[in-house]
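This document opens with one chain alone, in structure tokens, the form predicted on its own.
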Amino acid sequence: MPQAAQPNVSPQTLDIRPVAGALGAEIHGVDLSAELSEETAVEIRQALLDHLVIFFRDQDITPEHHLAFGRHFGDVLEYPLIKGLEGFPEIMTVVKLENEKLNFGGLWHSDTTYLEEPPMGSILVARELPPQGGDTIFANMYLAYEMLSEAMQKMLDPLKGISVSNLPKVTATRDERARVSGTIAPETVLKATHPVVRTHPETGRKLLYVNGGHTLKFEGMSEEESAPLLEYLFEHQTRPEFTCRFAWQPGSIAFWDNRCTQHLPVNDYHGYKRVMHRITLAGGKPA
């Protein structure tokens, strides 16, 4: 049987505007509720590689559109610890309620590095926002590595870090969601070992690949031996000159490269509700 003809989708003209010196760009001139042409998807992916995190404004997309957009860039995965949205298991609801004090993932981190194959990226859509606050800050891990001394780089290059899913400072931020819609037993610990200095599979650039949310220690060292150097790296990699800050508005979307960025959702909107939808794109084993 002959295949049905594919729709003729014209490329959209993108207006890419960097937002900070370290990373980040807003992309205008594209409607993510419409089918993307292959040329437009390629241009968006290149913008992601160039700027590490890209932002879209004034988008009105459904969960179906969210998934369709993500699938241009890879396979969409279900989050390993929390159930997804009803009818859309690949879409995770990231929520803080009016009565809650901690926000989900409310510390500097790279998503789910406790997996053997951490995600390539994530796409977050604003659904309900507080009247002010709730920004997200992103940091450039290429710069974090490149701004270390040559001696420190040489020391870190051969090391491996052990990431776990149960560091107390991060589990506290997801306890309420896990209680309501957790998918694994509370005592289950996910663990993976990755290079401390990773090479990005598409750009070939080296980057610092430890994070305060999940990295427990260096392989072959105790937690006590690892702690001083890890604490130094955690502080170093989020220096202000490595970052950009995104103020959410209705219709805003952020798409970040999880391989070379970290992010921090700012918890400054107590007494208000904030609801976001996130999809996660499959990655590969870090090397």
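This structure is a prediction, so every number in the text was calculated from the model and none was measured. Residue indices: 1-based, along the sequence shown.
Just so it is clear, the following notes concern the form predicted together with ligand OGA, a form of the same protein that is not shown.
Peer 1: Looking at 107-115, 146-154, 81-89, 196-204, which lies within 4.5 angstroms of ligand OGA in the model of the complex, counting heavy atoms?
Peer 2: Result of the contact check: 107-115.
Peer 1: So which of 76, 162, 124, 208 reaches within 4.5 angstroms of ligand OGA in the model of the complex, heavy atom to heavy atom?
Peer 2: It is 124 that has a heavy atom within 4.5 Å of the partner.
Peer 1: Could you work out which of 94, 170, 120, 190 is the residue within 4.5 angstroms of ligand OGA in the model of the complex, going by heavy atoms?
Peer 2: For this set of options, the contacting one is 94.
Peer 1: Quick one: in the model of the complex, does every one of 63, 66 and 252 get a heavy atom within 4.5 Å of ligand OGA?
Peer 2: The answer is no; none of 63, 66 and 252 reaches ligand OGA.
Peer 1: Taking heavy atoms and a 4.5 Å cut-off, does residue 256 contact ligand OGA in the model of the complex?
Peer 2: Contact with ligand OGA, yes.
Peer 1: Should residue 136 be counted as a contact of ligand OGA in the model of the complex, where contact means heavy atoms within 4.5 Å?
Peer 2: The answer is yes: residue 136 has a heavy atom within 4.5 Å of ligand OGA.
Peer 1: Residue 265: heavy atom within 4.5 Å of ligand OGA in the model of the complex?
Peer 2: Residue 265: yes, in contact with ligand OGA in the model of the complex.
Peer 1: So in the model of the complex, does any heavy atom of residue 276 sit within 4.5 Å of ligand OGA?
Peer 2: Yes, residue 276 is a contact residue.
Peer 1: For the stretch 24-46, I need every residue with any heavy atom inside 4.5 Å of ligand OGA in the model of the complex, listed N to C.
Peer 2: Sequence-ordered list is empty.
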